[in-house]
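Presented below, as structure tokens, is a lone chain in the form predicted on its own.
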Amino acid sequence: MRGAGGAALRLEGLGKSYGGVTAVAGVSLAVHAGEFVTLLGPSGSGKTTTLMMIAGFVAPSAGEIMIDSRPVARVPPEKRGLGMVFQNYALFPHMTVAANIAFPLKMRGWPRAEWRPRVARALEMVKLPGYEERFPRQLSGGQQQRVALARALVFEPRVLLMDEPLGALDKKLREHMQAEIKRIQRALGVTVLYVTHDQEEALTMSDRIVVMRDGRIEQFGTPVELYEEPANAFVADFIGESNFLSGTVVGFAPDGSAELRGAGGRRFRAAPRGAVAAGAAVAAALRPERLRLMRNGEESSGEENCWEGRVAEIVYLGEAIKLRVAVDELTLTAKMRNGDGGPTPCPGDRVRLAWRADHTVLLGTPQPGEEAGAP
């Protein structure tokens, strides 16, 4: 099974309202052919409703859906040529694996003579050869997920829609299936639109990620762009973990970094990503892993910022240790690798935290609650 390659997908002002409630508010989005794009957001953000409109199971209240140059918003689901994988797999329990996988071929009127070889190729692709005569009840959760994937791909769709397909699997199997789905997607060149609320899954699998909230797009970019250059505090908090600082720009250093005065008069420096004026009130995000714990007697190694505080809490994560450090009325979260050679501080210890100006991402005007330790 080689596939026909992916199709471009474009949403133009796509919206959905239920009575007076807006589920999706004018979403516009362009997905390249062969791209793996994830819709990411909390429950109620509109990501699944958007996917269901693309699939044809929910009628849009406004806007258009384009597959390549073909408008499909009013085309029946079975005529859109889309593959679909659901969270619960939606396998027919009374049918064998072969019959489940062949079902889309039957519904599309494919010649019966093509069913068996196509089913066999699809099972080879998902690494389940010889499972044709088993029933879903005889399969593990991971195997059922593979059968659902084979069924979605057996007719070689150019666009594959996936709605939380790994949500029912344990962590290790989920990580294994993430790699398998990416392997298959690359081999076939199919375009994938994937829905999840798991930010780690989105970062691992996606070429680009759409972060949604309240039916709108907050940011659309590569995993690196979203993690390193979040557009706002919501994205910075939802993608990974962040400390939030707020302050007023009081000047600029010779290297161009902005000097800010934060809560309690504490100063710190940040590298602006765009124009920022002296006197402006801004919010900033700082990733816990960017904070370096300075040992006794250790000097700064190029960091422009260094604050002292007291360890309030230590969280053991196995490969890492998370410290919550009280700095006056603020709390900073720092993450250090376990076994990095130095002793782990104890609660109550005084420590110093250093970080570089260019690791402090300015987010614009601070919102209520946007200060260190309070997303």
Partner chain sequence: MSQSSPFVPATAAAMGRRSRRPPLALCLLLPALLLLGFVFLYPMLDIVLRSIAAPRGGVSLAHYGKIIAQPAYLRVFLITFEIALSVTVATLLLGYPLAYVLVTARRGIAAAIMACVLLAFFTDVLVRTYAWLVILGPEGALNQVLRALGSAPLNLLYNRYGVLLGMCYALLPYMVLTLYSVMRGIDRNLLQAARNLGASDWRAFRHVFLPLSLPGIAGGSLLVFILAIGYFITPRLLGGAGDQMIAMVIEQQVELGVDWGFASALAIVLLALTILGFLLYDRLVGLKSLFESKI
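Positions refer to the first chain, counted from 1. Nothing here was measured: the structure is a model prediction, and the numbers come from that model.
Just so you know, the form predicted together with its partner chain exists too; it's not on screen, but the next bit is about it.
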| item | value |
| --- | --- |
| Listed range touching its partner chain, judged in the model of the complex by heavy atoms within 4.5 Å, from 271-279, 151-159, 183-191, 220-228 | 151-159 |
| Heavy atom of each of C306, R310 and T344 within 4.5 Å of its partner chain in the model of the complex | no |
| Contact residue in the model of the complex, chosen from D170, E124, D255, E78 - any heavy atom within 4.5 Å of its partner chain | E78 |
| Contacting member of R295, R74, R267, H94, with respect to its partner chain in the model of the complex [4.5 Å, heavy atom] | H94 |
| Interface membership of P165, its partner chain in the model of the complex, 4.5 Å heavy atom rule | no |
| 4.5 Å heavy atom contact, F86 and its partner chain in the model of the complex | yes |
| Non-hydrogen atom contact P104 with its partner chain in the model of the complex at 4.5 angstroms | yes |
| Distance check, V235 to its partner chain in the model of the complex, heavy atom within 4.5 Å | no |
